[in-house]
Every structure is written in C-alpha cells, then in structure tokens.
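Given as structure tokens, the chain that follows is alone and in the form predicted alone.
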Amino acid sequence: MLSELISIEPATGAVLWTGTTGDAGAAVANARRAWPTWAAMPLTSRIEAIRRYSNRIRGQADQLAELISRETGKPIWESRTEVESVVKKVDISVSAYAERTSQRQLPSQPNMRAALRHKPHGVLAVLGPYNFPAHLPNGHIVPALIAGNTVVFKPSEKTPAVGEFLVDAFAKSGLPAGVVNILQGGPEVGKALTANEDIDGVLFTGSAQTGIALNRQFAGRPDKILALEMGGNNPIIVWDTDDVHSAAVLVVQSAFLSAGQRCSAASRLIVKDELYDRVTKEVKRIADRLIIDEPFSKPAPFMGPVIDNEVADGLTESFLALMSNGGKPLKHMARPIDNRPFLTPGIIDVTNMAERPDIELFGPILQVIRVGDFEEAISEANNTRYGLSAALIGGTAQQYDQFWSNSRAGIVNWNKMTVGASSDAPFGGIGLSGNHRPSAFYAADYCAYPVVSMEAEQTRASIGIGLKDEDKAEA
C-alpha cells in the first residue's frame, strides 16, 4: 500500500520533498525486463552511457550540492566535495573494471584457448545511507552498471530527494528505461525489495544492525551476492609526538567531520598517560572553537546538525548513559537550538568504566581512554567487534609497523585521519564492519562473476589410457 513520504531539512525544519513509497515488485520487474538488453550491450556502449551521466552531474554540481546540504544539513563546502566524488567515480570504476574484471587469455595447451571473462549477476538492489546520500550509493550503482547489471536503488527514507535526483540524472543521460530504478520508502519497502526472488543480490551501506539482519536473511541463499558496508567503533591512538596541536587537529577532524556521521569516524581516542592532559586539553580547545551552524551560513561552519531530532535525542541519551556508568565528561554535549538536531561535540573519558559499550555512536561523541604502554594501546584499539578504520598519531616507524601488523581493521593510517579514504583504493572492514567485500576500487569484484572457458576450433578427442583392446571389447 502506497503511503506519503516527507523529507524535512534538518537545519531549518522546512519541508524539502514529498512523495509516495514505491512498489518493490514493480521496480524489480522493470529492472528484470531491461537486463538482457543492457547486459548484451558492448562494454564501450555502457561506459559511454555512464560517462554521459557523469557529465550531467558535473553540469548540475551546484544544484546537487545545494540539495545534499538542505537534505542532510551538512555544510555546503562538504556537499561540494561529495559531488566531486560522484563525478570522479565513473573514471575510477572504468579503471577498476579493466584491472579487476577484464577479459584475458590464460596459458593453455596447444590448439586450445583458455579465456577468462566476467558476467554480470543480473538485477542488483542498492540500499543507500543518509550520511553520503549521493556518493555512497553511486559507488555501488556505477560499477554495477558498467559490469552489465540493472539496479533497483532504495535511498534512505531520510534522503529521498537526493536519491531521486541521481536516478533522474541517469534517465536523462540516455540509459534505457528500467536500467536504473528508484524505490522510495522506509524499512518495510526495503524488506520487500530484499525478499523479492527476482533480485540477484544486495549491495548495502548502513548500520551493523541492518547488515546483520541481511546476512541472516541470505544465509541460505549462496546464489545471491551480498556486499555489506557497515559501521565502525574506530580507534585513534595518540602516542609520542612533539606536535600536540597537529595531533589534536587530526583527532577533531576524525571525530567530528560530518557531525561524526561517518562510518570511519573516530569514536575512541586512546592516549598515552604522559600525554593525556596536554592532548585532551588541546582537543577540547579546538572542539570549543568549531562553528556549528546551518549549511549556507557565513562564516562557513565546520559541521551542521545531525540528520534529525530522533537521532539527536538518541545521541544525547547515549552521552548521558556514558556519564551514568562511570564516564567523566571533558566537554558536555549540548543542543544549542531548540527543536533542531544541532549538537555540540561531546568528549568523555571512559577509562574507568567497568563495561564500555561496543556500539557505533553515529554522531559527534568522542570517548577517551588513557593507557600506560603501547601494547595496551593496541589491545584497546582492537577491543571491539568492528574493524573498519584505525589510526596512529605520533610514535616511531617501528611502532607503526607493530600497530599496522596487529590492528584488526581494513584501513590503518599513520599521522592521518581515520576518515577521508581514497576511492582509488578498496574501502571496507572486518568483523561487524563488513563481510569481506570491500567497496570503492574493489566494488568491481562483487558486481560481476568470473567465467573461465577452454576453447578449441575443432572437436578432437581421444582416450589414451584405461581402454580394452578393440578385439577384446564386448559387442
């Protein structure tokens, strides 16, 4: 049954977009009808069509960036970088397809060819998140289309307008009808999509809770591809360094960019005992200076609101729960504007908490843990079921080697933020952060499957062993 869907600007409370929930069955049927023709097109034709889409996005960059900022609340400067990533994804995906799923000849016997080619899966469902409502689903859709799949894209119900913009851009770029289909709606619509027997796989970006549910749902369906890009409870270690200010800047950027709404955001600051006072004081000093305002305000804000009041309320309650269970606030989280989901960064020392919650606090909350030695720091960094991103600030080259070798994460950085990974590299994690199908440059891997062929021009065969002599064979 169709129902109304409304998107509210988090920064202002204004209604941005209204529409109705979609029909999963109809969307999948459209994609299924379009698939044979799209898959049979030459690769060069599919790439040409996707490049037209890229050019259209480039020509509408300002319009899309403004829409992202209005629908998510993120500053316009940050939305512009997201749109740049959408445009660049096409060239990156073309290169990735050529490198990782190209056609090639293999060594073979005389008078025979051995070939490796890749085929698309068919109809893929793409479930997108709200924090990067253009870049992250685009990172699934573009590689899937290049490989020859058709797509049903369900944006987050919190960012339907950006999702509609992307699909409209595909349609106006000359892609055949049904190749990219939008399906608006909330969790029930998503469940109907993933339960549809006519899809060949699900490409998901979102919370660990939903990812685990999908993993259970598809546990008995090895015939369907499932790529899960989930969250993190990411550590950033500050060790011996003479530049405490730069270390604190990297911590603040890691923890509070996008209002902490990044799966790779630093949730836990692990700091050496001797540096604790200096580092926490500098981190707080910088956090106190951060401008938190509406997306288009001047001077430009560092961060805007979180996505909605429900999320803001949950984060506030989480901060209070940490305090109630032994956490020591270093910077209290506050709601500076009534009835709007703006939050000031919260920083809390959880060193003496008996049990620290191993959950993804998807917002501007930084937990601080002080440790005595480097082995304890690494152990604390790994004290999580997640495994997406980790960073070491300071330390020696030998300590970084030790950290890199022992860290359980898909992204391990030194003197860099936990956030801001390159699309030219794979992006993914272990544990509750993913199911070993990293996205970004490696998205090509889950958008097509390899087919190996042995081929000969003529039919020639003989059996050289294990046969009776002909005169002894039975009639």
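As the structure is a computational prediction, the values presented were derived from the model and not from experiment. Start at 1 with the first residue shown and count on from there.
Although it is not shown, the form predicted in complex with ligand NAD is what the next lines describe.
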ask   = Considering P143, P155, G304, G346, which brings a non-hydrogen atom within 4.5 Å of ligand NAD in the predicted bound form?
value = P155
key: in the predicted bound form, the one of L388, L366, V238, V162 near ligand NAD [non-hydrogen atom within 4.5 angstroms]   = L388
query = Within a 4.5 Å heavy atom cut-off, is P120 in contact with ligand NAD in the predicted bound form?
reply = no
query = Would Y130 show up as a contact with ligand NAD in the predicted bound form if we use heavy atoms at 4.5 Å?
reply = yes
Heavy atom of K191 within 4.5 Å of ligand NAD in the predicted bound form = yes
request  = Check whether F427 has any heavy atom within 4.5 Å of a heavy atom of ligand NAD in the predicted bound form, and answer yes or no.
outcome  = yes
request  = Verify the flagged residues L136, F204 and F362 against ligand NAD in the predicted bound form: is each one within 4.5 Å by a non-hydrogen atom?
outcome  = yes
remark   = Which of 377-385, 290-298, 182-190, 315-323 lies within 4.5 Å of ligand NAD in the predicted bound form, heavy atoms considered? The stretch 182-190
Contact set, 221-239 vs ligand NAD in the predicted bound form - heavy atom within 4.5 angstroms = E229, M230, G231, G232
